[in-house]
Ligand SMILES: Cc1ncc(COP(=O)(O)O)c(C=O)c1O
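In structure tokens, one chain follows: the form predicted on its own.
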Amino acid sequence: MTDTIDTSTSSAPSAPSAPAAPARDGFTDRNGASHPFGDRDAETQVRSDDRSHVFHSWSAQAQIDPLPIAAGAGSTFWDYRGNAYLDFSSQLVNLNLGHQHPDLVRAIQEQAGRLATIQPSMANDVRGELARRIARVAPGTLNRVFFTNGGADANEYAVRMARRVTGRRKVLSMYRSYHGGTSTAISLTGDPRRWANEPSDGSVAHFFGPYLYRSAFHSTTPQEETQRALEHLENVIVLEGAATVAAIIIETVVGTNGVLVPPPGYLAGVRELCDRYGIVYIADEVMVGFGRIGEWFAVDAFDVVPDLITFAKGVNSGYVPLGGVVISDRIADFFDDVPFQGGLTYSGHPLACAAGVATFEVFERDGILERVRDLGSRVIEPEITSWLDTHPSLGEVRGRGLFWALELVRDRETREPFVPFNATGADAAPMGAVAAACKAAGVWPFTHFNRMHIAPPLVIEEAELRRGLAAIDDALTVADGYVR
């Protein structure tokens, strides 16, 4: 594949440091041995082990055939046959600094060489340093960090804190949301992944968040959507019993369920409702924290300070599992003389925290936040907005930074979704065809229901970004063929 892309961008931030691509003709296995791409024996062994012994999440096991991956570097990964894929999903929107970033790999290696692990009840230098760095960039008085192993347990523990502090049980969350796969987190989740796991935590109630393109409130402007969505939320609070509600948890920018950017004033209105009724405001930033929209924490873009922020994914790009809760002084002070009943053996694991500290250093040295804002506004937004004039299958584009959604439709006038809600099998085949066209062009997409998301690593080079966008542009012609 050849590129004919104009990369003259004198005013753009320079590309950050990134790993060199692996040799085009081979890869290195876990024992350090080199193999040429096309080593069918290695591929066959990986596939056999996976199909025989690995039980995969969110899948009917006999209906999947996971692609064996041999190597990754920067914004690209390779299969065993040498096919390269531009990672436009950052894996699961967690690989913010890309594959095999040398600074993160080095930090893990050096930490493993001097102290591979230590229990969380003991003080550790990299754990403390990462907590200090997180508190420094967190808004308001969120100055303490409770570390977890990932995003789901971060949300579990945030809810546990809110319930203990308020003495209440109930938690409100949006229908269009995903908060994790553990017991309370899956109950908080609004999307269909919750259904098969019910009943679980029965003290969760759901509400409609703002979504102007498909407004539940028949709004026609962002201002109307904010007003009506807040009125609806207050009605839910009152009807559920305000004195029973411990917390409201909201993805600051809704992730998998649509890259829904809150309209002006909505999050400030949520903050005001929480203050009025004595409710803890939890901002779930597992997906959008640490630079995804060009801010350390996405709440900074909306001028709001929650009581608790949950994080994971981008804090260290998932190189070693890590998540956590950033805690306001008010809530942290409650536990000064009241024991917090919770903990994890691997909380604040030194290898994970070392990668987190290195992440901060890379962000600051390479101007990652500024770069994300620039690429989002200068490259992605104008490009995908122009597709509204050329692709009748495109109903709406929305997003911020390096996090965007393309909402596909069968009919622009009626806004009929490209595939039905929670479609499977033949009903989902049209979206599968669009994704296949992207993969055939060497771009690995992120799709969910009738949407394609754009979420590449934050270190992606501009030429790579433009090449990926061009591949999606071409793939949308497949979607156009389904328009009524």
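Numbering starts at 1 and runs along the sequence shown. Since the model is a prediction, treat every value here as computed from it, not as a measurement.
One more form of this protein, predicted in complex with this ligand, exists but is not displayed; see below.
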- Give a yes or no on whether each residue among Asn155, Gly180 and Val286 has a heavy atom within 4.5 Å of this ligand in the model of the complex. yes
- Task: Specify the contacting stretch among 410 to 418, 75 to 83, 146 to 154, 350 to 358, defined as having any heavy atom within 4.5 Å of this ligand in the model of the complex.
- Result: 146 to 154
- Taking heavy atoms only, is Lys313 within 4.5 angstroms of this ligand in the model of the complex? yes
- Task: Examine Glu251 and determine whether its closest non-hydrogen atom to this ligand in the model of the complex is within 4.5 angstroms.
- Result: yes
